[in-house]
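Two forms, one chain: they're shown below as structure tokens, one block per form, named structure 1 and structure 2.
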Structure 1
């Protein structure tokens, strides 16, 4: 690090002292906290983003200011790598270190040591590019300014502010820029809308039950998704769409949004008896999660939830159907992998297995799911909370491209299957889970199948489940294995859990330490809600007995 670089960093850092008595850590979703204490952290992560661009040879890096489904007073920051995915886990410890450095001198020393270790040039000989985005939170504007100052305190780094956008849009732009493709917000809307129209145009004249699927009402969580969905709506003719909770009057994520609907299993604010039987969907605050639901007629705001597991199952079924049309034993057979976490409902896993699909489990967290999905020609992942996507390997896309150009002797049915899969690869956001692209794909598939939301929801019936928390002094005392489905430490507890679950028909239970707070999470399933509650309560007591914790 030369003297000019050192001076720039010291001068900038002195304007952003870290909050006293606060230690932050970079989790699955980056840093999140009350917005009032984040300026220093966001400034420093701006520096990290510039360093990451230099490390990757000047590739475009993304920095997103958002706290997703958290309350409006919170905010956060996370980094998108050149692929458009989350930043490599190898850099997370460095993020923690610089976020918590006590003063400018310590910060500069950490940066200098890390740059030497990683061979990152800090002499201005190379340029760095960082795209910035933020959601609609009032605190976003000042935090973007802090991020810009962090980025620009690295010699040769340039910050480009993309304004108010969804988190998936930023990830999409980063991926597109690094592939040398058009990457503006307008390009994003055009790619999604044209791919959707292609899928609609390829619907067979007689398909499924041929039920008119009718209107879709979308709860936009009073977040950024409302404005962006309105743009898409104006570009699409094949979709009868009504937008609610667009942020004009309600409060971000308060009684609205995908996280609220999925966890509480009730309709969001602004929905009621007049909506009974109509297909509804919810986005979260930054539009990277999506769930569907229908309002139940017996009142009390109850709903039939169609969660991420059902979305995954719909996507997997459609892709399997298209591949079966193309199937030729003498040809290349794409390897399809469906990736879930232990929180996936057991009924969904059983359904996917019955389809003949390979189901793989990973620990909880998008970075694990996405990484595993990348190992397949087609990797499909979704969490029950509604975050997920489909990944297509370059090898598979090249194969599809070749099939598109086959002689006209190929049957029309096979040509259409190739075109559908190609359109899916363009419609779905392969960088990250995207509620807008996911919603359009769901709608296209339902129209293709001729299915109502109720028919979709009948693919399988969820097993009743219950989640509990057990307070702990140190969550690291619990160590899990086999994608968090089995407890390794303390010894003996897994055998005791097994003894409990074996007593109940279709009983299943796992415990795992939280990634964000000092609690152990308990998840249980069984044939009835009563027995699922019993399993969860019994295992929570067991954890308390083994570890001396207090259940809550």
Structure 2
């Protein structure tokens, strides 16, 4: 590191003292905390983003300021790698180290050592580019400023502020920029709307009704998704859409949004008896999660939840149908992988297995699911909470491209299947789960099938489940294995969990330390709601005995 670089870093770092008495950690999806303590973290992650760009030969890196579905007073920061995916996990320990460096001197020393180890040129000879985005949180603006100062304290680094955008839009732009594709926000909307229109145009013509499935009402969590969905709505006339909770009056994520709807299994604010039976959807605060639901009549705000597992099943079914139209004996057979986590409802896994699909489990967190899905020609991944997407390999897309240009001997239906798969690959975000593109794909498939939301929901029946969280003295005392389905530490707890679940028909339960909150989570499933509740409550008690503040 030359003297100019060193003094730039020292000088800017002195304006961002770290919070006292708080240990910050990169977590499942970046740093998250009360926004008031994040200035120094975001500044330092700005530096990291610039270093990452230098390390990757000047590729564009993304830096997103969001705390997703968490409360409005929280905020967070995460980094997108050149592929548009999450930053490589190898860099997470460095992120933790610099976030917690006590003073500018030690920060600069850590950066210097890391740059040497990683051969990162810190002489200003190369340009680094970082794209910045933020959600609608009021704290976002000043955190973006802190990020810019961090980025600009690396010689030769340039920050481009994309303003208020969804998390998936930022990931999409990073990927597009690095592939030399059109990468503006307008291009994003154009790509989504044109591929959606293409899927609608390819629906086999039936009784003349061009939208047999009626209107959709979308709860936008009072977040960034509302404004963006409005743009899409204006571009698409084939979509009968009503937007609610777009943020004009309500509070971000408060009693609204995909996380609330999925965890509490109740209708969000602004929905009520007048909406009974209508197809509804919920996005989360930064629009990377999507769930559907219907309001049940006289049900005290109760809903029928159509969660990420059902979205996954719908996508998997559609992809499988299109592939089977195309399949020829002796021909290349694309490998399709379906990736779930332990939270996936057991009934969904059974259904996917019955479809003959390969189902793989990973730990919770997009970085794990995404990485696994990338191993397939078509990798479909979803968390039950509504985060997921479909990834297509270059190899598969090249094959598809070849089929597009095949002679006219191929049947029309085959040509259409090729066009549909191609359109899906353009519509569904290839960088990360995206509620807006996911919503358009669900809508296109439902229209294709002519299915109501109830028909879709009937694909299989969820086993009743319950999620609880337990506050513990130290969540890192829980160590899990086998994709979080079994606890290794503390010893003895897994045996005790097994002894409880064994007593209940179709009982299944796991515990895992949260990656975003200071709690241990408990998930239980059983044949009835009462028994699922019982299993969850007994296991939560057990966790408290082993690890709670009351534990000896």
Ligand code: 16G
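Positions refer to the first chain, counted from 1. Definition used throughout: the rigid core is the maximal C-alpha set that superposes within 1.5 Å between two forms. In this text the structure is predicted, and so the values were computed from the model without any measurement.
Of the two forms shown, the one predicted in complex with the ligand is structure 2, not structure 1. When the rigid core is held fixed, the Cα atom of residue 184 travels less than 2 angstroms between structure 1 and structure 2. After superposing the rigid core, the Cα of residue 490 is displaced by 2 Å or more between structure 1 and structure 2. Fitting the two forms on the rigid core leaves the C-alpha of residue 537 displaced by at least 2 angstroms between structure 1 and structure 2. At residue 499, the distance the Cα travels between structure 1 and structure 2 is 4.4 Å after the core is superposed. Here residue 479 exhibits a Cα shift of 3.0 Å between structure 1 and structure 2, evaluated on the superposed rigid core.
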